[in-house]
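Just the one chain here, laid out as structure tokens, in the form predicted on its own.
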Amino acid sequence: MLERRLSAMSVRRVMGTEVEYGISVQGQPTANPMLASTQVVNAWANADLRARRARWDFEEESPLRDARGFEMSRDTADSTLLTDEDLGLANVILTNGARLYVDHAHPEYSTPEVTGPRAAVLWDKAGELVMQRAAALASQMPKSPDILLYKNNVDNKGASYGAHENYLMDRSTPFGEIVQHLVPFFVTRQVVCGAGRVGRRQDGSESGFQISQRADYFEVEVGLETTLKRPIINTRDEPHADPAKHRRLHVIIGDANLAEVSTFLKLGSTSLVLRMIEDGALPLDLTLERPVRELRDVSYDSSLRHLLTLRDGRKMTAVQVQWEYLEHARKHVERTHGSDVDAETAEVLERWASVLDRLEADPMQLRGELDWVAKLSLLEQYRDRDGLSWDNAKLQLVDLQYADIRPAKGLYHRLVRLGRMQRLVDDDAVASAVTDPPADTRAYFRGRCLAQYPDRVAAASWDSVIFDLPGRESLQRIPTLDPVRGTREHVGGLLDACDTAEQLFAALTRQ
């Protein structure tokens, strides 16, 4: 039943987010960020005994395989692409099915697999709580200074770190069509889900405000890289599922969002566009003349009046381009479902339209829903009160403080406490999602195994759980290639009935 729902014209599909957090050590501007990140992840592992043993299983990863039909040589690949190598850095698997690890110089939280944008918001928010607690635990170590984490994407010194999305797609969808339709969508999507930034250019050397934190860091239209020559469309072909059936679209162009509406629409609208591409239901051609240039031009214009030039000569604003995608999504949903559309898809369509309406009328109407507008509103208050120009360093501090994940310090959290930011999930649900996995994906099996048999799970990954069982000379792998099996419906009763990992393995393999 779930498989049929996920294949309909709906926002529902297997998806997830990965967020690298900005990090600093209070009072130590030259502190090693890799060491500090390791302290954060290890602090969580030391506090949760179930997280201490299980390692990440790298065996099935293939980061150099390209969706265009080739594989990059390891000899020519930048080291940051070699994510299938165990570098000995801190790496923890959580009982909610997520992964918490050190990605080079940053702590990263990857959500468990979920099946819709609202669930993605919930487990993404759980990641913020995990990071809050982990940083607090690390700071409590003897002689350890405070370690501060920020949910942002730039250090204003030229470096950027990622906030990625993942969407499971039909493998039969031609990759060229994915590129054709997604480039204009991603270039303009920032007006809905940009996080806002003080400063322009990679090093922030040009004064001003822009909509997106990441726009300055993309240099090509299509490519495999994620840290050098960043592409609008990333071609990594690593499905973490049956490669004959599925493709995992790895999206690296989004910002790290704190606003829940921004995250919800980012994933929901993208999922709908992908469904139309899969169904061959996007007859429009919105190909841009200069997409990389337009990405920056859209970001630099918070008035939203910039006109993008299409290859056919038409000129449209970013909001108008987004309206084109939304109108086609509405028509396709109505054509395939009539009025019988699931509630989550209906909510995405309604919120998407409402946001675009208000962006056209007055973006400030969205200060309680979208990150970039909320941040710009705060910055303008400071500018008006203190007569500050955009090159004043105080504004960059406000920008950074917005992203501070500490509830008592972060400006986003202050807006939430004042009731000035719209919530989609409540605190109790977020707290539960820190420990509990989603019930409707394979993350349920992974998380339950880690919680129930912590001494017997030797390793795990997105597509496997590996047991170390007494009396067996080798480790025993249980593959989890199907993302919508291993759910509570499929294995919940079996896990409840098996007191030991040995019993579970015997039942699964009928030994």
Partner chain sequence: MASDGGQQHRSSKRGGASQEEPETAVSEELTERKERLDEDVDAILDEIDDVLEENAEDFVRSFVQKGGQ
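Residue numbers count along the first chain shown, from 1. Just so we're clear, the structure is a prediction, and the values are computed from it rather than from any experiment.
Another form, the form predicted in complex with its partner chain, is not on view; read the next lines as being about it.
- Residue-level contacts in the predicted bound form: of Q320, T95, T173, S302, one residue has a heavy atom within 4.5 Å of its partner chain, and it is Q320.
- In terms of contact with its partner chain in the predicted bound form, the residue from Y109, Y150, F209, W352 that brings a heavy atom within 4.5 Å is Y150.
- Here the chain stands alone, but in the predicted bound form its contact with its partner chain, taken as any heavy atom within 4.5 Å, falls in 219-227 among 258-266, 219-227, 127-135, 337-345.
- Although the partner is absent from the chain shown here, P29, Q365 and V398 each have a heavy atom within 4.5 Å of its partner chain in the predicted bound form.
- Within 4.5 Å of any heavy atom of its partner chain in the predicted bound form lies no heavy atom of H246.
- Proximity of G162 to its partner chain in the predicted bound form: non-hydrogen atoms within 4.5 Å are present.
- When its partner chain is considered in the predicted bound form, Y382 lines it closely, a heavy atom lying within 4.5 Å.
- Using a 4.5 angstroms threshold between heavy atoms, R293 stays clear of its partner chain in the predicted bound form.
- Of all the residues from 93-128, those having a non-hydrogen atom no more than 4.5 Å from its partner chain in the predicted bound form are D103, H104, A105, H106.
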